[in-house]
Every structure is written in C-alpha cells, then in structure tokens.
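Below you will find one chain, with nothing else, as structure tokens; this is the form predicted on its own, and questions on how it binds or moves follow later.
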Amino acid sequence: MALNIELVGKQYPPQTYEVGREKIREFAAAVGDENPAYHDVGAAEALGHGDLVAPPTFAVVVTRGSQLAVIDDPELGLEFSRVVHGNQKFQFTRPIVAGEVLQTTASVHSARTMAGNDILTIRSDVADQAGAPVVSVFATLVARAVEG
C-alpha cells in the first residue's frame, strides 16, 4: 500500500504528558548529559526555572504518543517495517520544565514518494496547560522502497 498523501494536514486527537523530575533525570543520564539543571532543582532554579529543566531532545519523549497515533493510522498506509528515521527538528518557544502537564497535537505535515521511498514528516505541536506553545517537533520517516 502506498503512502496516502491526501492525509497531509490531518490532525490527530491531542495527547497529554505529565513531565516528571525522574523522567528528566533518567533521560539526561541516558544521553550522557550532566548539565546540573537537568539533575538538581537548585541548579535549575538558579537559572530562573521553576523546577528541573529538560534537555532539548526530551521533547521526543513528550511527543512519542502523538507520533504513534499518526504512524498507526491504517488510512495513512505507512509500511513501518521498512521505516528508518530520516530527520528530527525542534522549534522551541521555551524549555520544558518538570511538573508541567503538556498537550501534544500531531499532524501529517508532509508526505511524498521519491525514488520508490515513502517520506513522511509528522509535526507535533506541544502546548502547556494555558495553551501557550512550548515546542514543535518535526520527525521525518522514510519507508524504504521494496527491493527489486
């Protein structure tokens, strides 16, 4: 089944993520980032944050569920067994901070076929409880062409 390019612009139901201190610490440790603001509340507060601040790439954790909603949409026709990650881009309004409850709305940003490969970009817009933007995450996936 080919990628359904008619779904460009389709939005999926919002998903909620509560940002926990330990999740931030675990993520920072997993990526080897020892920035004190990611591990120590006092260090984060000294920088003007209300709690631990998350590393920028933590946004992938926040947006994971919303991106899966797009990927798993049978109407989209993405052959996930052939997918490789093509690109990741972040557009921040402000950092993510522990204790926040964030809402992510994902959409099909672009979809095309090139040289037999299906290329899909998912846009995930993250907002805080007041509806103010936090970050937009663009994930580009490539479903490799069937050989032969």
Partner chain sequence: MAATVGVNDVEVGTELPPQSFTLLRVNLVKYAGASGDFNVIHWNERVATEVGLPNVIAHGMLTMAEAVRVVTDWCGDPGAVIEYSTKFTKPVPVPDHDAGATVDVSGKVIEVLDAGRVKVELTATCEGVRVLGMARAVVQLA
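Numbering follows the first chain given and starts at 1. Treat the numbers as computed from the prediction; the structure is a model and nothing was measured.
Omitted from view is the form predicted in complex with its partner chain, to which the following refers.
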query: Sole residue of A111, L102, A98, A37 within 4.5 Å of its partner chain in the model of the complex, by heavy atom; finding: A37
query: Any non-hydrogen atom of D51 within 4.5 angstroms of its partner chain in the model of the complex; finding: no
query: In the model of the complex, S107 touching its partner chain (heavy atom, 4.5 Å); finding: no
query: Partner contact for T121 in the model of the complex: its partner chain, 4.5 angstroms, heavy atom; finding: no
query: 4.5 angstroms heavy atom contact with its partner chain in the model of the complex for N117; finding: no
query: Residues within 4.5 Å of its partner chain in the model of the complex, restricted to 45 to 67 and counted by heavy atom; finding: L47, H49, V53, P56, T57, V60, V61, R64
